[in-house]
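Take a look at this single chain, the form predicted on its own, given in structure tokens.
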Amino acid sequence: MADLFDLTSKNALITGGNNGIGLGMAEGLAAAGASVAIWGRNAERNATARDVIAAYGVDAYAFEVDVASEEEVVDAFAATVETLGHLDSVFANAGVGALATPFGAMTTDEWRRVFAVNMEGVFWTFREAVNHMQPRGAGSLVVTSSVSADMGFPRGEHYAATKAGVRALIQGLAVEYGRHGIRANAVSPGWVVTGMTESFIEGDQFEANVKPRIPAGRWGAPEDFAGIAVYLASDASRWHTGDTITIDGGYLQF
């Protein structure tokens, strides 16, 4: 059974892998033996995350990339493949949050800011990935969605729309590329304490209103996503595709 989850000789890319859920995934992959490349916009955080990942005794690389730029994604993907030799799994995790703007006051620039990273960045990353994986006849694509796609999300409609949109993208990729040995799945987190959420998630009012609705009784943590990353990158998930896997402490069930 352990062999199913052994990622030795496997190579993985995680966008937005220098903090939060992305880094939690990267650490899980490294602990299972994978060589890991991360993309992030902040060079200092990239370097720190790379050292954290390398401490597991694997090869670790960091690239400074803004996934809202098609040119940067294309160039960085080529550089990542050149560095690692090939990629077995690609995790499109990079994302930005909403500014809590009332929908009626939302500007086009704010709408496009979120879509550029959360939707177009995923498109460009996965386009490069399938063109790399198809000739190899194997690969795993994973996108980070959100439970915001399953509920009304006031003042964050654009964020929720992108997180629902990437699920539809995943379903299409699973159908189109399954015959080429490529599987595609989404991971849908609930309320997780990260750099994106900590400014409000730990506020007294938010905690009083939301935390009691989580049956597990706590906020999520980045390390809660290490196991699912290993599963989706491993041979254990070789027949698992087109799915959305919710990890939310039971939030949507209550």
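Bear in mind the structure is a predicted one, so any value in this text is a computation, not a measurement. Residue numbers here begin at 1 and follow the sequence given.
Although not depicted, the form predicted in complex with a small molecule is the subject of the following passage.
### Contacting member of Ser234, Thr241, Asn11, Asn19, with respect to the small molecule in the predicted complex [4.5 Å, heavy atom]
That would be Asn19.
#### Entry: Partner-contacting position among Ala68, Ala226, Ala62, Val58 - heavy atom within 4.5 Å of the small molecule in the predicted complex
Of the candidates Ala68, Ala226, Ala62, Val58, Ala68 is the one lying within 4.5 Å of the small molecule in the predicted complex.
### Query
Just one of 80-88, 156-164, 172-180, 127-135 has heavy atoms within 4.5 Å of the small molecule in the predicted complex; which?
Answer to the contact question: 156-164.
### Message
Does any part of Thr48 reach within 4.5 Å of the small molecule in the predicted complex? Heavy atoms only, please.
### Response
No, no contact at 4.5 Å.
### Query
Using 4.5 Å between non-hydrogen atoms, is Val96 touching the small molecule in the predicted complex?
Val96: contacts the small molecule in the predicted complex.
### Query
Going by a heavy atom distance of 4.5 Å, is Met196 a contact of the small molecule in the predicted complex?
Yes, Met196 sits close enough to the small molecule in the predicted complex that at least one of its heavy atoms falls within 4.5 Å.
### Query
Does Ser140 reach the small molecule in the predicted complex, with heavy atoms at most 4.5 Å apart?
Taking the distances in the predicted complex, the answer for Ser140 is no, it never comes within 4.5 Å of the small molecule.
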